[in-house]
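In structure tokens, one chain follows: the form predicted alone.
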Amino acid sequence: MEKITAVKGMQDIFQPEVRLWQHIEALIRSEMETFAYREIRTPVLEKTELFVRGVGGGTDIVKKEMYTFSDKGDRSVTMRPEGTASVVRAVNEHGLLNAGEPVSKYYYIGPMFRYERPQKGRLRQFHQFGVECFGSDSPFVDAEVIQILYNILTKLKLSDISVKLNSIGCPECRPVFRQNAEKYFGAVKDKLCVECNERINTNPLRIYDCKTPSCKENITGAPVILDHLCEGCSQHFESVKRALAQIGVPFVIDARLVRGLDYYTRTAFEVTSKHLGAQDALGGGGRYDDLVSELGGQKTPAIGFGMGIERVVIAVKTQNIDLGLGSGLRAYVVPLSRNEAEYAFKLLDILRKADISAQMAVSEKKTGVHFKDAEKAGADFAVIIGEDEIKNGTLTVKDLRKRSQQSVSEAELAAYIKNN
């Protein structure tokens, strides 16, 4: 029979790469504890209306990329393409927003789905880590959220990362900017793609995010939102910049950065890597002060970001960063014959009860082959059990990293492995 393979654009993740994923996720959770964020887990499947209203009906995500279908009750449902709208829906539905201090701070880690052309770092099922902070319009909250993403990436030892920063204004700023943008793009519309021609009068801000080469060329001379900020937005942006400088987070101003979602206001940011090629974003986000109310909640300022875990994994692997992860397997117990297997199994249990990761060889092979198996499994030590070891009450422990061996008693074995 024909072998069944994974669905196009979706991948299996297994050892040794899973170890890297686990390390990244553990680092994320540690950082979230430091910044006092709480985990939230939302369903993979949501009502389609959530993303049409939340992400924006004019975005590529909603128009082209969502996995949307009717369930058995003839209700339109969608596999979540991003995390923010789901979190906003959840905090609205369950009354999780605090009024005033402290602010409500959540994070999530999970799979997202977009039907797009699979390529390096861009799959149809991808995994995203994100944070969402509700209840404050303080520029210091903006700086803190950006700092979280920067901290995680630098603690993974990634180099050549760039924090790009912009402000895309608010409903007070945008009308004048929009008029100027419509006028500019209207004059060059014959040089824009079909979709950007449609965006001229519906959402010209989206043109700045277009990846079509002809559109990118003609964005160069277009108006920028930074030249149209109202006093409130301008002061907010200046405060964000000062706060980032104060805590040592380097950034560059990218006046054409708009991100790909309709809900952003004021601060927008993106962190990129030189090691990812054309699709260089590791993560990004911004402020969305109107989204909570647009999805049925009270008027609530908010800010957040999403980080693509697949892209971070690619960046770590491309830079050949040694995070010292190993396999996690500490001991490989080797009975040299069936006669020693029962004792070896008892010893295996002793090691595991001491919280030592251990595995046992279950087939009879030559000693040298057992050593190769232990190395292949990524073990740090091979514990050899033969007739002599049982008779003498000592075990032969081979350090597979140092290429040395030591005789160790059963009573001392766990402590020896833990301390070496």
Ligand code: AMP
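In this text, residue numbers run from 1 along the sequence as written. Everything numeric in this text was worked out from a predicted model, so none of it was measured.
We do not show the form predicted in complex with this ligand, though everything after this point is about it.
Contact with this ligand in the model of the complex, defined as a heavy atom within 4.5 Å, is made by all three of Leu123, Ala281 and Arg311.
This chain lacks the partner; the member of Gln128, Ser136, Thr78, Asn218 within 4.5 angstroms of this ligand in the model of the complex by a non-hydrogen atom is Gln128. Among the residues Ala268, Leu347, Ile225, Met307, the one placing a heavy atom within 4.5 Å of this ligand in the model of the complex is Met307. In the model of the complex, no heavy atom of Asp254 sits within 4.5 Å of this ligand. Proximity of Glu116 to this ligand in the model of the complex falls within the 4.5 Å heavy atom cutoff. Contact annotation: Arg259 falls within 4.5 Å of this ligand in the model of the complex, judged by heavy atom distances. Per the 4.5 Å heavy atom criterion, this ligand in the model of the complex is contacted by stretch 282-290, the sole one of 151-159, 282-290, 319-327, 337-345.
Looking at 206-222, no residue comes within 4.5 Å of this ligand in the model of the complex, counting any heavy atom.
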